[in-house]
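Next up: a single chain in structure tokens, the form predicted on its own.
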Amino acid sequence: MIAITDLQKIYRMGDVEVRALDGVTLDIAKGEFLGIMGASGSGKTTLLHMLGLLDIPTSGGIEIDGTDVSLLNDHEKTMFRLYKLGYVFQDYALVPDLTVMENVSLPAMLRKDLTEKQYHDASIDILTKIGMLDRQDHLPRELSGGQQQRVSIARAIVNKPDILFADEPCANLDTENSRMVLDLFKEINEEMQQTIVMVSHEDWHKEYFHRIIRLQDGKVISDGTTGTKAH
């Protein structure tokens, strides 16, 4: 599904060179729920941004579903993200002036291959799945943090992406809402065979992951299964 080879990301600040990623080599299987863990500054978010085509590596290779993404131009990357990838961020990133339904429909509306009825039906389906259909006409500010994050997840998966990337999606949530979000991820992973790559620093989150990559100073220091079965 994803093949990463000797990935490097170097930032230069004056004369100082910071290796945010320092030779990461990794394979991620289809249907896997992968956790990326490590201390602050270990390179977790940098790696996620590289895999999600939100940033460009200094060197190394990323192949997603057989496509060498380094060969894509900006427009092709945009289309690849739209059709193949979904994103959930810690700050929800919902459009404040759009309703829940409009926020969820947004990625589907941008596609050229869906009719208005198709993307409306897809949005209804996913809002029903996450238990937010009764809030479809609400604005984000009228929702709790946990509800906003569920809407963010719905928006991320409305296009049925091959891979869902989540960057500390529970960072702004209490334990109860965090568990609700992670239960939703687990359900999506199991029912839809959704590949999920999630950055986390919370130790208890590991019970949800099939496998955990631990980073330190931009390097993979451990890579192991958790005992949770991939389906």
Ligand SMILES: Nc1ncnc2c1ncn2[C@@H]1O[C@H](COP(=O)(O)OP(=O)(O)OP(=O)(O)O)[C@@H](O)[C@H]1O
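The first residue of the sequence shown is number 1, and the count goes up from there. Everything numeric in this text was worked out from a predicted model, so none of it was measured.
We do not show the form predicted together with this ligand, though everything after this point is about it.
Student: Exactly one stretch in 43-51, 66-74, 188-196, 171-179 has heavy atoms within 4.5 Å of this ligand in the predicted bound form; which is it?
Tutor: Partner-contacting stretch among the options: 43-51.
Student: Within 4.5 Å, heavy atoms only, which of Ile56, Ala29, Ala39, Leu26 is in contact with this ligand in the predicted bound form?
Tutor: Partner contact (heavy atom, 4.5 Å) among the options: Ala39.
Student: Is the gap between Lys206 and this ligand in the predicted bound form 4.5 Å or less for some heavy atom pair?
Tutor: So Lys206 does not count as contacting this ligand.
Student: Using a 4.5 angstroms cut-off on non-hydrogen atoms, would Ala20 count as touching this ligand in the predicted bound form?
Tutor: Result yes; Ala20 sits at the interface with this ligand in the predicted bound form.
Student: Quick one: does Ile221 come within 4.5 Å of this ligand in the predicted bound form, counting heavy atoms only?
Tutor: Looking in the predicted bound form, residue contacts with this ligand do not include Ile221, since no heavy atom lies within 4.5 Å.
Student: Just to make sure I understand: among 89-115, which residues lie within 4.5 Å of this ligand in the predicted bound form, judging by heavy atoms?
Tutor: Residues within 4.5 Å: none.
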